[in-house]
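Next comes just one chain, in structure tokens: the form predicted alone.
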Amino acid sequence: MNDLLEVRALNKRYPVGPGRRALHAVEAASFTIRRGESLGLVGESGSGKSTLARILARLIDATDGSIVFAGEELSTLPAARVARTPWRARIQMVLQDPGDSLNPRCTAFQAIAEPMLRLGTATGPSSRAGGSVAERVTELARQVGLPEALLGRFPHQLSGGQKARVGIARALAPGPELLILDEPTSALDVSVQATILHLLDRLRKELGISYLFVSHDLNVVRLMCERILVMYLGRIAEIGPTEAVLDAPLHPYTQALVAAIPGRRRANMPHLELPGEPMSPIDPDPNTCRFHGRCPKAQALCVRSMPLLREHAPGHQAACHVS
């Protein structure tokens, strides 16, 4: 039992307009995250990445499906009540823009201390050093490379990289077992991104926590993750070990993503043009592949039968009839 998180047949649908029309943001998602693992979640805008991340962080409710965390079913508890449960501290999130996610009226010290005070984790098992809140905040600042002299500053007095470190320290403060990172470096300058990514990689190894790393940058995912999950229009297209997915992608959508990476084009992986427009996510045909209409390898079967994930190599699955 090495799985920390197990997701089974997870769906999220949003009502649209009158009647029973619905936007299918996440559909039939099933996967696991192992203890200490970093799982990359990739796909273009509108693929359902952020929606799935928000469901797993228990910020919004799924329509149906199962989320089992450390052996405990979480999906039955409404998101509105999650903040008052003991396990809230065990799943934390680092948001995309550190500037927007920090309260401008709180100092860096207050931002890091607040989750410990609210969740009651300033001392005890979840505090690795124990001691007072001030001692724990100082320890966290040291862990993320934030000078102690900056703890009294407000967000507008910090650089983008410093604000990112505050956001990471704040997420680590309750002692989580799973950290959900929603494109944590996309709002940073390129010169700062690499430093923050190396920091995140070091923290995961030192603390033994798991990551769900959401990104649209496959080069970043290669650096940060052992496995990759590829989504397209709310469905999982492919999942497998990072090297296998990036070096020998099975799904035509993954192949197009990999072929578009600068410097990665090879003789056996030419550039793939994806014609047409994405299918509407509003009440899509449940019997038609979501990638149909853009797929260069589409067949008649793809219109009348939704491809399901099947294993092509140990741990490497793709939802495609022709892969």
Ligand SMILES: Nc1ncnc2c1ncn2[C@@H]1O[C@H](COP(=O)(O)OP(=O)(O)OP(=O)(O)O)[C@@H](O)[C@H]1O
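Given the structure is predicted, the values throughout are model-derived calculations rather than measurements. Residue numbers run from 1 along the displayed sequence.
We do not show the form predicted in complex with this ligand, though everything after this point is about it.
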{"query": "Contact test, all of 36, 69 and 202, partner this ligand in the predicted bound form, heavy atom 4.5 Å", "finding": "no"}
{"query": "Contact of residue 287 with this ligand in the predicted bound form (heavy atom, 4.5 Å)", "finding": "no"}
{"query": "is_contact(residue 50, this ligand) in the predicted bound form, heavy atom dist at most 4.5 Å", "finding": "yes"}
{"query": "Contact flag, residue 25 vs this ligand in the predicted bound form, heavy atom cut 4.5 Å", "finding": "yes"}
{"query": "Any non-hydrogen atom of residue 44 within 4.5 angstroms of this ligand in the predicted bound form", "finding": "yes"}
{"query": "Contact assignment for this ligand in the predicted bound form, among 216, 88, 222, 118, heavy atom within 4.5 Å", "finding": "216"}
